[in-house]
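Given as structure tokens, the chain that follows is alone and in the form predicted on its own.
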């Protein structure tokens, strides 16, 4: 449904130019969960911004071919960031329906649409609370509800669990895959964590150090349990070691050949 070809992005400033991405090809199928993995500064976040239309590519093309008879064009994207981005003066229910409000959906209808989504993400009893009354993990659940309620064509996630403790992160990883599969929303999920990509992804796109180039496009075994301990599976463990070797060679050559 989404086809990116030869994507490159160069940033210009008074201090010169920096190439963040170089000739990246990316495909995303209906309902697919794609993890984009790479070292810090390799252009992962830039790739999301290009897909979302926040920035324009220096070269290359982005083509969206939706189902359900919709004409091709720019996909409707929802983004979830590492920082939840909730408005502190709005309640959980108001935050969840904010995107709907921007689309012109009336108040009663926003509430009717937001309430079941909050129930789905385990926040059904907190609609009248404010963000400061919630834990970080709960805030991220609200951010996910806000993204899902708008029924995006593509959900873009930029290291959304990086700031969470290990237990909250594991629970949200499991729950995210469950919600995503139930809704069928395709996801591009940015991470630098190999174990996280093995737990979540249907496919992993590995990027090089800056400028980001595609090192590998790795499909993972279908039908498996998306567990936080997925990396302990021998087959997935072998894939993780392969990725570690690629990234170690790219960002720290002295680690080449090191084992996990």
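Note that the structure is a prediction, hence the values are computed from the model and not measured. Positions refer to the first chain, counted from 1.
This next part talks about the form predicted in complex with a small molecule, which is not shown.
**Message:** My question is simply whether residue 24 lines the interface with the small molecule in the predicted bound form - judged by any non-hydrogen atom within 4.5 Å.
**Reply:** Because no heavy atom of residue 24 falls inside 4.5 Å of the small molecule in the predicted bound form, the answer is no.
**Asked** Is residue 57 close enough to the small molecule in the predicted bound form to count, meaning some heavy atom within 4.5 Å?
**Response** The answer is no: residue 57 has no heavy atom within 4.5 Å of the small molecule.
**Residue contact check: residue 61 to the small molecule in the predicted bound form, 4.5 Å heavy atom** = Residue 61: no contact with the small molecule in the predicted bound form.
**Message:** Residue-level contact is defined here as any heavy atom of the residue lying within 4.5 Å of the small molecule in the predicted bound form; does residue 244 satisfy this criterion?
**Reply:** Flag for residue 244 set to no.
**Message:** I need the one stretch from 25 to 33, 39 to 47, 216 to 224, 194 to 202 whose residues put non-hydrogen atoms within 4.5 angstroms of the small molecule in the predicted bound form.
**Reply:** This holds for exactly one stretch, 39 to 47.
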